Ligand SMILES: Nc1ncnc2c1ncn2[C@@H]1O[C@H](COP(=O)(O)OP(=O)(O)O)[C@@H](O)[C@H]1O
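Only one chain is given next, in structure tokens, and it is the form predicted alone.
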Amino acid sequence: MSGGPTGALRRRDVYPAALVDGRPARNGAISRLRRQADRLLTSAGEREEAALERRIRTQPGVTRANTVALISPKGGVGKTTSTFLVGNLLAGHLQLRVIAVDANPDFGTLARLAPDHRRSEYSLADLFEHSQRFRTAAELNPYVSRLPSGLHVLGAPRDPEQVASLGPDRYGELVAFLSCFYEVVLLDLGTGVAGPLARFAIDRADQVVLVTTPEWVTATVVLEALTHLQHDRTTVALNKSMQHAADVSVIEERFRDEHLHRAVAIPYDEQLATMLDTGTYTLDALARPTRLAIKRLGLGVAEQLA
């Protein structure tokens, strides 16, 4: 038998067993009962979360379409994860029409975070090709992955030649087009803050989310980038890795000294990582520290919407 392609790598091949809330199904019922019992107990964390919920849900509606650019001078820091988390929160909690666009020129993965049965096979290149025929928001539905929260995700092209043909001008046309149908357009950018596409996004965006991790090497690069960013509305997301020897609080405080709108630390959470990889993300099922961090990040963006 001759060797050859074995077909696409399917999510169900990697995760053959059922999962509930990002954990093996055999533990799902017990975990849910434990969470229900925990929520019966009054705690400082519960009160803080309730206050966060009130602040998020009482944010005023937008007066126009907003563009939010998620960027970083370093790769692998969690820009795509942050885009996904913020988009789900804005769509689910504020009931805004939100679309997250994978603007990563190097085979972006944003659309792959959607559940398999909700993921569109089309990309933004396909939408470009057919955009002249669209008259209503419903006509865009086949081209986007629609999440349970209400978030829509527009995937990046898989063809390198299509990606290479998309410069700042084309993305400007895309943002203008999507702004006719959505209240918030999130741009998940590739690595870098000085390239043509990144500069376009920063100049065009109403606000910026600068994403980093708390390692000294990465944090120093991102702090240097802040001096060149010069955007009035900037939030920093510190996606924590598993730090043991480092004093992460020092790095967090250093970012807060930059007088940003908000600096939010997202803790390392294995359950969240599993949810994202399996396409089963559910905010309410996460542990409270992670939920609080995601809601703080979402609030930081929501407070700066125009």
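Numbers follow the displayed sequence, beginning with 1. No experiment lies behind these values; they were computed from the predicted model shown.
Although not depicted, the form predicted together with this ligand is the subject of the following passage.
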property: Output flag, 77, 80 and 239 jointly within 4.5 Å of this ligand in the predicted complex, heavy atom basis; result: yes
property: Proximity to this ligand in the predicted complex (heavy atom, within 4.5 Å), stretch among 247-255, 260-268, 44-52, 59-67; result: 260-268
property: Contact label in the predicted complex: residue 33 to this ligand, heavy atom within 4.5 Å; result: no
